[in-house]
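The chain below stands alone and is given in structure tokens; this is the form predicted alone.
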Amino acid sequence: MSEDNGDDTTDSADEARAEWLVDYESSRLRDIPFETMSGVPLEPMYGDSPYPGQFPYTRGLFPAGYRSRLWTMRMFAGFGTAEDTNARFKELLRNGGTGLSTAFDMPTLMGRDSDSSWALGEVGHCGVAIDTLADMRDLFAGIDLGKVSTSMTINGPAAILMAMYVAVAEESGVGRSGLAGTIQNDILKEYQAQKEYIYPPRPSMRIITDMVKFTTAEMPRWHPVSISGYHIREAGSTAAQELAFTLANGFAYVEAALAAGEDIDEFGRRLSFFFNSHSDFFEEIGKFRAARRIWARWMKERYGAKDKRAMMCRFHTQTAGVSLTAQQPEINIARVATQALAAAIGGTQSLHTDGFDEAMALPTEKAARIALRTQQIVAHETGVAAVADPLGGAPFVEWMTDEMERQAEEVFEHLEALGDGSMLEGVYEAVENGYFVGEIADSAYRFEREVNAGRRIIVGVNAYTEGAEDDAQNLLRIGHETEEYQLKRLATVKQERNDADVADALARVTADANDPNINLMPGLIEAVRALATEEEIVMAMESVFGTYVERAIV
């Protein structure tokens, strides 16, 4: 019997390699020498099955890895007015960026206009201010949205911003079906970590489900949800918590879409993820590999996906902003480089690298260019893009991948128990009872105690502090004139628009929100075209959905 099993195993391995080889040879490869700097030829992968591009995708989503295509160098940018950010976008594209990623200011993220009392002193400070469709026109002026993919980091009012993006694209002659990109739209992690929510969880999930339906029907190249662990990690979670909470949220979105009658193979391939790449090099690589494996298995075995694209955990990565230090900020370049390298070895599909000055302010143009050059060095000079999953098979990396999966599965078991077998209901309950917030807070507290006690070294902070002079010069500063400009622009738009059209459009938004059988997106597109402001549209839905107030956890 043992001999038969051995033969079966050998035959299966041979078949897997033959299948991988066919897929690899049919891949369109980049026209570069796949060899070391010294001229030593390199195989496309090393080790045994499962191979890159094969279920459960531990070793990567595609058979040729980065030999066929490098990751998208999607630099996060946004500050001041729409015109300011438009200029930064164009600078990044001129310098070799291959995708855009938009940061919005705090009022926009919270669904408030620049003239709101909430917005005083915050307009344009942590991102770009967007109040109406007029701002969105300026943001993407002169940029071909049919050729450039765009990511937008926004959650509570995500449907409104996506409606603006669709409207602007159509005005420039690019149809919905031609738009490629992602909107973050991950409201569950807002209740867990970032706190930029507006409505309670259940009506928020209705909005997201409507966006999934709309994009599935009309925007086949668009990702309607980017399930984000980044902010969970920035709030202080461990790597395993980031992995587990993020994938659990993903499973919750899947169950909500299935309950709404959506096809797992249709919407599943449009889901994407957003992870943090922190400083523990091997832990991060194990986390990325485990994420692909867990997602593939759950989508196939639990949710019944048959299309392999619905089983693929596609993800964007950003280096760890929380790891950056205001002390000796130039050494952040080294931190970002190692974090970017871990993301590349881990198999990310797109990457943002932080500017070295971001612990003190929004990045200057120089810092953003150095950050982009950092990942270009990783891509073109280190050799990691020549071999798929270059550390795969290393005992430590394989153990770390298994350990990340083990810890994540423990969290899933807890959430399933909370939800009586439903991951969606378990996540709702864990939001309400403070489980996520408590776990993240405990992890953050433990880490800070270790730093304060000197048991964990942060270079330039609690050790090697020579040279930590004041480096606050040459920072990007957003002056009061930005807020003054934005307020005047908003006032002009309000004065020149047709108030009757606005009132009609807002009435439709409220009526649509009252009817769960109506998709919200067409009404939102009509409202932004009428130049209704973001806050006006938010308030129209608030009148139906209410607002969320977090319960204090003792």
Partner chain sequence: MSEQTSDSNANIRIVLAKLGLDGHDRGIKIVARILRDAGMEVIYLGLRQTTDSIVAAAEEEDADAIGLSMHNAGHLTLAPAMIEALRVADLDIPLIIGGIVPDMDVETLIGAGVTAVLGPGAPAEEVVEAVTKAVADAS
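This is a predicted model, so every value here is computed, not measured. Positions refer to the first chain, counted from 1.
Although it is not shown, the form predicted in complex with the partner chain is what the next lines describe.
Note that among 233 to 241, 253 to 261, 296 to 304, 397 to 405, the stretch whose heavy atoms approach the partner chain to within 4.5 Å in the predicted bound form is 233 to 241. The partner is absent here, but in the predicted bound form a heavy atom of L120, alone among L120, L93, V459, A417, sits within 4.5 Å of the partner chain. With the partner omitted from this view, the residue of R309, R221, K195, R202 that lies near the partner chain in the predicted bound form is K195 [heavy atom within 4.5 Å]. Contact annotation for E381: none of its heavy atoms lies within 4.5 Å of the partner chain in the predicted bound form. Put simply, P107 is close to the partner chain in the predicted bound form: some heavy atom of it is within 4.5 Å. The partner chain is not shown here, and in the predicted bound form it never comes within 4.5 Å of any heavy atom of T465.
Proximity of L475 to the partner chain in the predicted bound form falls within the 4.5 Å heavy atom cutoff. Taking the partner chain as positioned in the predicted bound form, none of the residues of 53 to 77 brings a heavy atom within 4.5 Å of it.
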